[in-house]
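The chain below stands alone and is given in C-alpha cells; this is the form predicted alone.
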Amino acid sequence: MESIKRTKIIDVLRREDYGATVNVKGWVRTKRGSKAVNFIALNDGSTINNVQIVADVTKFDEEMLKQITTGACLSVNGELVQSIGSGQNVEIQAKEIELLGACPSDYPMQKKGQSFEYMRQHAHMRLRTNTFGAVMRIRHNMAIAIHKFFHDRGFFYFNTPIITASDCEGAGEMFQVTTKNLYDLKKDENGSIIYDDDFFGKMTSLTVSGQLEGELGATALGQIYTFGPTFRAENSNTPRHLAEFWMIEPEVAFIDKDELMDLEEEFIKYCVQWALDNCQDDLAFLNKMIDKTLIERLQSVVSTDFVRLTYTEGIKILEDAIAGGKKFEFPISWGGDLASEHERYLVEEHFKKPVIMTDYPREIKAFYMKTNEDGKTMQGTDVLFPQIGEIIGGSVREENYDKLMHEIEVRNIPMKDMWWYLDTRKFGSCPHAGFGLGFERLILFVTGMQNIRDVIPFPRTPKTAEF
C-alpha cells in the first residue's frame, strides 16, 4: 500500500480540494452495500462524525472485504470526492484498503442500543462508541477551559499531595496507603498497629481534598487552584458518587463571601460557555440521543443570574412547599442537611435557575469555615444546579487562630496532624476563601448523562475496580 501521510477525519471532513489523494485510518462503525459497492463508515475518534468510504467491490479482494466488520481497524488511501448523500460534504473513493486489525463477531460493542449498565461491564471498549467518544472529548475540553479560566485571571496551578496524613473533611472515610505486610502486622500492647516500619513511618491515606494544602499556597501566591484526583472510601452506590474522582479547588487570599460567590458563578458559566462554543457536534449528538433539553439547559445557565439564598430562607421555602402538599422522601427542618431532592426542588421547581446557598448551620459544615456573628451559621457558599444538586461546595475560611482552635477542640479533631495548617493562622494570617468543584459532576451536567460512572473512563466504585 502506498505510503501517504494520514489525515485525521475531523480535518478530512472540512476539506474541499476534491480530487486530492488522502489517507485515513480508523475503526469501522458500519458497513453496508450491494454486490457492486460497499459503503464503510469510518471513525478515528477525532470527531463524532464518520467519513464515508466508498469501495468498488470489483477492485478489492473479496475475502478482505468480508473481514471489514464493525470494529475492524483500517487504513484507506483514496480520492476525496464531493458527497451526493446528505450529512457530509465529502467522502472517499477507496483506491487501497489495508486491514490493520480484524474484529471478530464477539466484539462487545457490536449492536446499537446497548444499555449503559452493559457498557460499564465492557468499559475498555465502550470508549469506541459515539456516546463515550462525545463524553470524553467534552471532558478534555472542560479540563482545558478550567486551566484557561484560572490562568487568564492570574491564578497559579498548584499541585497538592495525593498521599496525606490529614483528613480534610473529618469524615474519616479514607483509603489507607501502606507497604506493611497485612498478614503479619506489628502491634503494641493495646493492639494498635505500629507504623514505624511503614514507608512513611506513620499512618497515611489517599487525599479526600487538596484544600488545606491549597490554603498554604494561597497565603503565599495569592490565588491558586488545584486540579487532581481525590478519593473517598464511602460505600455510596449512587449515580452521583465515585470512590476516585477529580476535584478543582481554587483558594484565594483577600476575598470575602460576595466575591467568592461571584467567582463561583463566573467560573461555572465560563466552563459551560466553553462547551457551547467548542463542542457543538458532540453536544448536538448528546442533545439528540441522551437528553433533548441539554443545549437549552446549558444556554439558560449561561444567560441567567444565579439566585443567592441563605440556608434559612431555603428551609422556609421547603417547609412552605411541604405545607402545600409537596412530598419529599427525606424530612427537612432547620439544622438538617439538604438532600439532593431538596436542592433540586429549589433549583428546578421553585426558582427554575441555579442557586448559591449560603450561611449553613455550624453543626453540618466543616471546622475550617468562618462563623457568622450570630454564632449559629457559617459562611458556606454552595452552588446548586438542575439535575445535579450541589455542584460546588465553597466557603470563607476562618482566619482567626483562636476561633479555629476552638472549632478543632469542639469537634475532637486530632491536633497532631494539623499543626502545619494552624501555622497559616499564626504567621501572617489573612482573610481567604475557596471552593471545590467535583469535575465529574460538571461533566454530568454538561453532557446530560445520568450516571457519574459514565463520565469518567474507568469508574471506581464499591466492589468495582476493573480495567
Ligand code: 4AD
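Note that residue numbering begins at 1 and tracks the sequence as displayed. Because the structure is a prediction, the values reported are computed rather than measured.
Quick note: we don't show the form predicted in complex with the ligand, though the next part is all about it.
Q: Heavy atom within 4.5 Å of the ligand in the predicted bound form: which of Met357, Met247, Val177, Ala253 fits that? Just give me the one.
A: Among Met357, Met247, Val177, Ala253, a heavy atom within 4.5 Å of the ligand in the predicted bound form occurs only for Met247.
Q: Please tell me which of Pro386, Gly393, Gly78, Gly228 lies within 4.5 Å of the ligand in the predicted bound form, judged by heavy atoms.
A: None of the other options qualify; the answer is Gly393.
Q: Do heavy atoms from each of Ala134, Ile443 and Pro457 fall within 4.5 Å of the ligand in the predicted bound form?
A: No: none of Ala134, Ile443 and Pro457 comes within 4.5 Å of the ligand in the predicted bound form.
Q: The chain here is shown without the ligand. Which stretch in 331 to 339, 302 to 310, 228 to 236, 153 to 161 comes within 4.5 angstroms of it in the predicted bound form, by heavy atom distance?
A: Stretch with heavy atoms near the partner: 228 to 236.
Q: May I ask you to state whether Thr207 is within 4.5 Å of the ligand in the predicted bound form, using heavy atom distances?
A: Answer no; every heavy atom of Thr207 is more than 4.5 Å from the ligand in the predicted bound form.
Q: Wondering, does His241 line up within 4.5 Å of the ligand in the predicted bound form on heavy atoms?
A: Heavy-atom contact with the ligand at 4.5 Å: present for His241.
Q: Can you tell me whether Phe267 touches the ligand? I mean in the predicted bound form, with a 4.5 angstroms heavy atom cut-off.
A: No.
Q: Is Gly26 close enough to touch the ligand in the predicted bound form, meaning at least one heavy atom pair within 4.5 Å?
A: Heavy-atom contact with the ligand at 4.5 Å: absent for Gly26.
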